[in-house]
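Just the one chain here, laid out as structure tokens, in the form predicted alone.
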Amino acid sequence: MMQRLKRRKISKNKLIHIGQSLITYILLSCLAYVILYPVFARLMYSFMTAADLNDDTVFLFTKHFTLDNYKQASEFMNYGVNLIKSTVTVFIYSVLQLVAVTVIAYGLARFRFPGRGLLFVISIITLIIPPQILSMPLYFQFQDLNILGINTGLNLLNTPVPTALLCITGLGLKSGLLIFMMRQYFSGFPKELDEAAAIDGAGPFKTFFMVVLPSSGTMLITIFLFSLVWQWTDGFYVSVFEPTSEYLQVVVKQVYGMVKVATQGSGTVDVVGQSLINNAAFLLFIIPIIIVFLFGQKHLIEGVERSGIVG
């Protein structure tokens, strides 16, 4: 009798587990569809011709496969040159932001000083402030650089300096979230290691560089990848501080207008062709991010788990 009850209990638990797993898979599948379908649709449309879009029997999968959309989009974007410019610039921004975020987060997590909690709260509040609100005062600040009331007369607009200054001072894009993640990680870092380093005669800076950083490789890579992705996809600050730049973040928004200007000479505007080329330009823009994700997804998952955001 007892064995039958145990078997029924086990089978009931299995059914509950299967039901929970099924519901989870369904929800995740729906979420994946919502996220991935627009990208997949653009991918399929980018290989189509105008005849495919005008053909009612064509749905997503083309009958006339072509790479002409990518060729034209690449020409309009000057893809090769601008890809190198964007990659180098975004890499530098991400390194500067990583340095600032790591130092700030370590100070907030390991040192006690008056106002520490307030500074941390302020860094979190920056996440809910839209960048549009800050863009105007920042624009005038960099147009005529003023340091502690001293007017330098420098105009830093249309240069990478404004974004670099924001990154290195901990005010860069999404820096508040990155500081939070690093602070959570450093807060859980064993204090015994700091004490052991202090016994060996290491000061705070030596402990930070010789003990903490070498043990934080995965988290540092995670923060760097987050910064890299956000800097790459940011077209707002680049448009505000460097409106004449030719970074891919700016150029990809201008492809539709470029195609329109190029086709106006024929007397007609090819709206369908504009749409197809625009889809190809969008995919050319996100290809580097997809490559970064494929190679860095393991570090991203581990870093998020160690930051304490989930669980």
Partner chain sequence: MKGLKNRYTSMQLREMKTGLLFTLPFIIGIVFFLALPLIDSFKISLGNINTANGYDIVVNGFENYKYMLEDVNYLEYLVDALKNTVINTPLIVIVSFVIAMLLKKEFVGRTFFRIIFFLPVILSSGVMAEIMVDVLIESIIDPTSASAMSKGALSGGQELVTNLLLSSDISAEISNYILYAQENISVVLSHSGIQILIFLAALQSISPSLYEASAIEGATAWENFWKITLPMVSPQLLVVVLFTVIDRFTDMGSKIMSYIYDIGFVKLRFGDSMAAAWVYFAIIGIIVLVLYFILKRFVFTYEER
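Positions refer to the first chain, counted from 1. None of these values were measured; they are calculated from a predicted model.
What follows is about the form predicted together with its partner chain, which we do not show.
J.: Work out which of Thr87, Thr159, Asn78, Thr126 lies within 4.5 Å of its partner chain in the predicted bound form, going by heavy atoms.
T.: That would be Thr126.
J.: Answer yes if any heavy atom of His64 is within 4.5 Å of a heavy atom of its partner chain in the predicted bound form; otherwise answer no.
T.: Contact with its partner chain, no.
J.: Find out whether any non-hydrogen atom of Phe208 is located within 4.5 angstroms of its partner chain in the predicted bound form, and reply yes or no.
T.: Phe208 belongs to the contact set for its partner chain.
J.: Going by a heavy atom distance of 4.5 Å, is Asn13 a contact of its partner chain in the predicted bound form?
T.: No, no contact at 4.5 Å.
J.: May I ask you to check whether Pro131 falls inside a 4.5 Å heavy atom distance of its partner chain in the predicted bound form?
T.: Contact check for Pro131: yes, within 4.5 Å of its partner chain in the predicted bound form.
J.: Even though the chain is shown alone, can you say which residues of 222-248 have a heavy atom within 4.5 Å of its partner chain in the predicted bound form?
T.: Residues within 4.5 Å: Phe226, Val229, Trp230, Thr233, Asp234, Gly235, Phe236, Ser239, Val240.
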